[in-house]
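Quick setup: one chain, the form predicted on its own, written in structure tokens, and binding and motion questions come after.
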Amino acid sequence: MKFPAPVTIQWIGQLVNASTIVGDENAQATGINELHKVESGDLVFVDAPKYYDTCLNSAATHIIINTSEVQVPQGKTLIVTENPFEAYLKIVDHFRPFAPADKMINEKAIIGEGTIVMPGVFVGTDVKIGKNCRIFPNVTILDYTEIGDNVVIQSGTVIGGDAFYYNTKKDREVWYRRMQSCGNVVIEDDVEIGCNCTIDRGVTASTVIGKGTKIDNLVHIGHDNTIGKNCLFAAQVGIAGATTIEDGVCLWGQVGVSKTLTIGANTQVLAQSGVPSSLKGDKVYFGYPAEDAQVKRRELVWQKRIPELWEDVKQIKKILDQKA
């Protein structure tokens, strides 16, 4: 999330009641992001020692942290506070406070010429919808979503729900605390989305659906995903967070894709496959874990022959026993 205008680290420190600041208090922060999406000028928070080095050496310029006993890279600042996660929440609450809706279409929404919004559609604050779109009944388009031209969204779909993303601490009564989402969803031109799909907004950045992509019914796309152009997702596909799917990828029915991986361009993943790790492009995959489909088919042929082979083994053993 980018701030409306840059703010000084001193101001951030006062907002979160920081115990100390290490570095230039007058340096300016331009936004706040989680680790997968940080850019120069961003704030990022870290509260687990195993991630200290990763955060300190990331693209983030400013780090909210619970210790000053670390080596600070040149040009970076530390905002030291006892609970960095609570500091993150306070910053997000300040810039993106929760505001309950009191009407179906927010007055700050921008809806382009020729776009049809049917009865029962909810459109949140600062939503932008392009030209010549068709939004069918009972679609929910939540705050800050951006939709291009010629987009079709079928009934029952929810765009921009909170990320399924939690801060985990097992030394407190409630182990899982939601990281408040302040990102959004960006849907590019000529995208079509079926009925009862869910596309979560980014935790602090954007979930992006590329131009020309077509999505069947009952598909879930998690937070911070980047979906390329002209992809095709069949029914009941599920994609976890922070994954990159490049242009021209086809995921057939009930394919499950794990988090923080990349599926290369022009890949096909056949129905009911599971993708736990990155896949190279221009190939067809099948099974769990998803592998080259031709190899997987040969494996299945041999698996079906196991009973026959076992009978052969028993006959050979019987002959050998008789000769003995």
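Note that residue numbering begins at 1 and tracks the sequence as displayed. Since we're looking at a predicted model, the values are computed, not measured.
There is another form of the same protein, the form predicted together with a further copy of the same chain; it is not shown, and what comes next is about it.
At a distance of at most 4.5 angstroms from a further copy of the same chain in the predicted complex, none of the three residues P4, A18 and E86 contributes a non-hydrogen atom. a further copy of the same chain in the predicted complex comes within 4.5 Å of a heavy atom belonging to L218.
Mapping the unseen interface onto this chain, D200 counts among the residues with a heavy atom inside 4.5 Å of a further copy of the same chain in the predicted complex. Shown alone here, R178 lies within 4.5 Å of a further copy of the same chain in the predicted complex, counting heavy atoms only.
Taking non-hydrogen atoms only, E107 never approaches a further copy of the same chain to within 4.5 angstroms in the predicted complex. Comment: a further copy of the same chain is not present in this chain, but in the predicted complex one of T262, Q272, N66, Q28 has a heavy atom within 4.5 Å of it, namely Q272. Looking at 208-241, the residues that come within 4.5 Å of a further copy of the same chain in the predicted complex, counting any heavy atom, are K211, G212, K214, I215, D216, N217, L218, V219, H220, N230, C231, L232, F233, A234, A235, Q236, V237, G238.
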